[in-house]
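In the form predicted on its own, a lone chain appears below as structure tokens.
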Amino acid sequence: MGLYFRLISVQIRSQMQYRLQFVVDMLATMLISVASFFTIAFVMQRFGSVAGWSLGEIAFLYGMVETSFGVMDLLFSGFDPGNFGRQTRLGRFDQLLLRPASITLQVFGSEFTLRRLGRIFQGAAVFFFAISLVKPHWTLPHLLFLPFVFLSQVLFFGGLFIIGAALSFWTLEALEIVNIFTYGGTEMMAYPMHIYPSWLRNFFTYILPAIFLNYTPAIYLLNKPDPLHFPAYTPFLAPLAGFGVFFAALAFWNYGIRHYQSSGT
């Protein structure tokens, strides 16, 4: 961990050399996310609700997933498939193999993009705005469960980043399909899952368990009826889904490292 914090401190110091650019980049990231939420808010103002979910309840879903994805994007930037695929193609991953340190740790510490803070701040602001509208009845179990939901989402999206990075060991290129499940996944999870067709819900339930990470926990935390009639324990599957995807991704990543062949550059 000492090595990891040293690597991160180097990233932070280098980015803070240009503080005005840092502030502009962070505000730009925040404004893009704000525009996305305003689009949702304008639609909600026109139609009133989405499948029985009010603006505050949609904002609850949106705020949770935006905040967790922002934190993941900050911590797992080194595994971003687009960036990592380029590094692999240029032969820079080979340099990591020559260093006497954990390869996974080096990739974790290779990127720490501070402008992602803009997305985190915006997501957190929407989440607290949602709480002010919905005014959920918080109990001690709710308060204890909420951090686990947040952590599970971070690990879930981080696992998808790791899988996308590992695939570049064979493709040497970033696969755009990974973005469907990462950046596209945040858009999908910002709405109640029962609005989607059954084939899509089944995929994100039994193949990629995204439904257990935001939708079912929100039903529990907001004390809403479940239109999909899942078992009562379903909201508590969030840690199992998040940690499961993350550790499966790490296993696939280690498999990829063992079978990696240099790009030749």
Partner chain sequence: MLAPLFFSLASRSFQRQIAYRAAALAGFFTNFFFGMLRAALLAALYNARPEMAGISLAGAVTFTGLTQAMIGVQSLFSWYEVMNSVYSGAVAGDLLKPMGYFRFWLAQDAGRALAQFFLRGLPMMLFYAIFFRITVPQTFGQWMAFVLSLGLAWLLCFAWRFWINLAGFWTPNALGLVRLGFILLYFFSGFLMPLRFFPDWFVQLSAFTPFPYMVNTVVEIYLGVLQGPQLLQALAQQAFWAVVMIGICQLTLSAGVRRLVILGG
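Residue numbers count along the first chain shown, from 1. Predicted model, so just to flag it, every value in this text is computed and none were measured.
A second form of this protein, the form predicted in complex with the partner chain, is not displayed here; the remarks below concern that form.
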Close approach of residue 199 to the partner chain in the predicted bound form, 4.5 Å, heavy atom: yes
4.5 angstroms heavy atom contact with the partner chain in the predicted bound form for residue 188: yes
Proximity of residue 45 to the partner chain in the predicted bound form, heavy atoms at 4.5 Å: yes
Contact flag, residue 254 vs the partner chain in the predicted bound form, heavy atom cut 4.5 Å: no
Contact assignment for the partner chain in the predicted bound form, among 222, 228, 40, 237, heavy atom within 4.5 Å: 40
Residues 28, 31 and 50 all lining the partner chain in the predicted bound form, heavy atom within 4.5 Å: yes
Which of 75 to 83, 156 to 164, 178 to 186, 131 to 139 lines the interface with the partner chain in the predicted bound form (heavy atom within 4.5 Å): 178 to 186
In the predicted bound form: members of 101 to 129 within 4.5 Å of the partner chain, any heavy atom: 115
